[in-house]
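In the block that follows, a single chain appears as structure tokens, in the form predicted on its own.
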């Protein structure tokens, strides 16, 4: 098949650009860049495409939204609120919803895209964490991703507060209480943010500036940096036949990956548009304008803020009174301490794992989660903690729906938040070790085929089928954790570093990571272990026989 000639006009444009920027070689190399084929890599694409949808829909909404807390009397299309005094922010939100053509659709598309964006980032980071894709040389990209996730939470809170409805006002009231709980400077921070007593007249204009200018600009810069680093570094890939640290097997950027990525963008856009058209979200006209004296029952924040709501609900009412001051631990710890407990390990994990394991190798082939049982167990503990806090944020709804006492649900979550992550860690680690043992057995002896065979002696046995070459490569793809540097010198004297407190802590953590490790030998063994997980090499005849059995 002959390649069709390049159109003359297109060739002329290419020549014009190359004569001035000398970009032909650069473009040729980058258009051939290979991207691995695996569905989990599409999670990051979903986050990127939903971010683009947020920017486009948000730009549309800014043409009609009025970020002012100046009070007006409503006389618009929604007759049930006629004569009600409200802020111009809430009035303009109603105008967008009922009077601007396509306004309600854009509002809902914007809201759904924000939820998809944060959910995709969350799941994408879980994929990176469980597979170890954050390891050297990708630590900086992990930090960028964690920062984007945190900024996504903040950006969502700001955008949720802009309509100045009753539900979002409750969130602002909680934010005020959190600021006031900070010792010494809390009152000053609250007055600085709100411009005076709550709610003041400055908070919505300030949130609007942060929501549409500052934070999106920072996030856009971080997204660009994230993809520039990703483009410069080799893409990670899952273990498999022919996949090495020195290569990438997949689809070239042009034309296959570009066409697939373009189609996937329109798919994400289509799903978001369908949700915006048919799935109602945040109907602010049902809540009414915010007034500090009103409250709504059964109100719930968006899912990404629900876990913080849960931490506030279940924490005991602890206060410390000293020297005429009150320290509200019941607000300070759950609102600031719990996020610190979650995000601090998340941010420092690549460096902590590298320090504990002493593994400073470059990793371009990721781990299977089962092959890093301690990391996977810690990750599942975090997911369990997040899930329980998220459920605790709806303890009143759970109590009402299940007809159980409210304080009973509160005490249940208090115990569950302590025991749940511990149980999740133990169970996950044991599952990972069990899967490792199964992989080791399958690589050495094959897997149970379900075929029963009768021996000449009359004995019945089940035939073990050998793994395919690709499956065997995956089964033995586990990388051993390197040993720490020698803790003693040639004369048997312990090194100063190993005798220090941090040295002893590091040694114990390293032993905790590797003590239950299940060794897996190299492929093409004869099924007779050598006691260390390795398997002797086969002779040519036996290797040919195993090859025939596979096929």
Partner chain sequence: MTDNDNTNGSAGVPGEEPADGAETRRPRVIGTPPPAESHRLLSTDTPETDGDPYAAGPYPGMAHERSEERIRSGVRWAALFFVIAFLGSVAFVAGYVIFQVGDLWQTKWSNMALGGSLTVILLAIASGMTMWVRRVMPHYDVVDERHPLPSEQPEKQDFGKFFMAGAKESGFTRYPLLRRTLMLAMAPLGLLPLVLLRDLGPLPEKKLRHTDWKKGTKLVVDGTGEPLRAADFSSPGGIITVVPEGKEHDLDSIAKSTVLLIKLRPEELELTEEQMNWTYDGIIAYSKICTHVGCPAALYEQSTHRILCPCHQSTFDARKAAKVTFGPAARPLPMLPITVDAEGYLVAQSDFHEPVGPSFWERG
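Residue numbers count along the first chain shown, from 1. Here the structure is a predicted model, which is why all the values come from computation and not from measurement.
A second form of this protein, the form predicted together with its partner chain, is not displayed here; the remarks below concern that form.
Of the residues 62, 507, 37, 500, which one places a heavy atom within 4.5 Å of its partner chain in the predicted bound form?
The residue from 62, 507, 37, 500 that makes the contact is 37.
Considering non-hydrogen atoms and a 4.5 Å limit, which listed residue (330, 465, 344, 209) is close to its partner chain in the predicted bound form?
Of the listed residues, the single hit is 330.
With a cut-off of 4.5 Å between heavy atoms, is residue 460 one of the residues that contacts its partner chain in the predicted bound form?
Although its partner chain is absent here, residue 460 would stay clear of it in the predicted bound form, with no heavy atoms inside 4.5 Å.
Report yes if any heavy atom of residue 440 sits within 4.5 Å of a heavy atom of its partner chain in the predicted bound form; otherwise report no.
Close contact is absent here: in the predicted bound form, residue 440 is far from its partner chain, nothing within 4.5 Å, heavy atoms only.
Indicate whether residue 99 is a 4.5 Å heavy atom neighbour of its partner chain in the predicted bound form.
The answer is yes: residue 99 has a heavy atom within 4.5 Å of its partner chain.
Find out whether any non-hydrogen atom of residue 287 is located within 4.5 angstroms of its partner chain in the predicted bound form, and reply yes or no.
Contact with its partner chain, no.
Partner absent here, but in the predicted bound form, which of 423-431, 152-160, 304-312, 209-217 has residues with a heavy atom within 4.5 Å of its partner chain?
Looking at the partner contacts, the answer comes out as 304-312.
What are the residues of 451-475, in order along the chain, with a heavy atom within 4.5 Å of its partner chain in the predicted bound form?
Those in contact are 468, 469, 470, 471, 473, 474.
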